[in-house]
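Presented below, as structure tokens, is a lone chain in the form predicted on its own.
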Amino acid sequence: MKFFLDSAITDEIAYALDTFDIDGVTTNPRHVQVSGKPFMTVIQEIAKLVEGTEKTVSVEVNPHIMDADKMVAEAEKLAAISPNFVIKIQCVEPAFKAIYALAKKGIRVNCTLIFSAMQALQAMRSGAFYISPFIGWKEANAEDTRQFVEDIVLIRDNFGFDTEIIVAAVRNARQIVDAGIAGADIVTAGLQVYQDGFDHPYTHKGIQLFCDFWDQTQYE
């Protein structure tokens, strides 16, 4: 299972690449705004961090665009910046035509803002390289996300689609584990979510106990 970092803060991304060997990056307009940098500046900086690797960076087209031809034009412009870029297009009806056209051109698309298995199915049929079902927002609305992810994985496997599934809007380690159990290919989460998941109070308790025993034991 791959771990992607959901961020556009270059220092965070560099840290995650160095410390956790994160497998890829996902960005969105909110993350870019939080970075405090212009869109083109920050995506070019991120591109340099993964240059020469197979790690992907998902970069989103202007979300105001609701025309397939304009989506394609914007995607081509972004894809030309870096071979690591996968172009994020939100899951709306014009996107399916755009995804199909871009796939024929060899441009990879991450179909994002997926909230139903039906949306996921059509995005996969259209040739999406990645699909991003969001779970955090659904769970906040008391919806079942375990079955949601399992259904998407089953549909993908039933029909042999090449699409990889990125479980997105992940808020905690339990959701990461659930995504892994369901068979998702990737999760994307913020740095703090991973750090909290890698940590456990019993580990610290055990370290303290072992240190105490170590200090009470003759070394030679």
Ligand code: E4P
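This is a predicted model, so every value here is computed, not measured. Residue numbers run from 1 along the displayed sequence.
We do not show the form predicted in complex with the named molecule, though everything after this point is about it.
Novice: Kindly indicate whether Lys138, Thr145 and Gln175 are, all three, within 4.5 angstroms of the named molecule in the model of the complex, using heavy atoms.
Specialist: Contact check failed for every one of Lys138, Thr145 and Gln175.
Novice: Answer for Arg171 alone: is it within 4.5 Å of the named molecule in the model of the complex, judged on heavy atom distances?
Specialist: Arg171: yes, in contact with the named molecule in the model of the complex.
Novice: Can you tell me if Lys88 lies within 4.5 angstroms of the named molecule in the model of the complex, counting non-hydrogen atoms only?
Specialist: Residue-level check for Lys88: yes, a contact with the named molecule.
Novice: Under a 4.5 Å heavy atom criterion, is Lys55 part of the interface with the named molecule in the model of the complex?
Specialist: Although the named molecule is absent here, Lys55 would stay clear of it in the model of the complex, with no heavy atoms inside 4.5 Å.
Novice: Just to confirm, Phe134 within 4.5 Å of the named molecule in the model of the complex by heavy atoms?
Specialist: Yes, Phe134 is a contact residue.
Novice: Can you pick the stretch from 38-46, 176-184, 22-30, 153-161 whose heavy atoms fall within 4.5 Å of the named molecule in the model of the complex?
Specialist: Stretch 22-30 is the one.
Novice: Mind listing which residues of 173-208 have a heavy atom within 4.5 Å of the named molecule in the model of the complex?
Specialist: Just Thr188.
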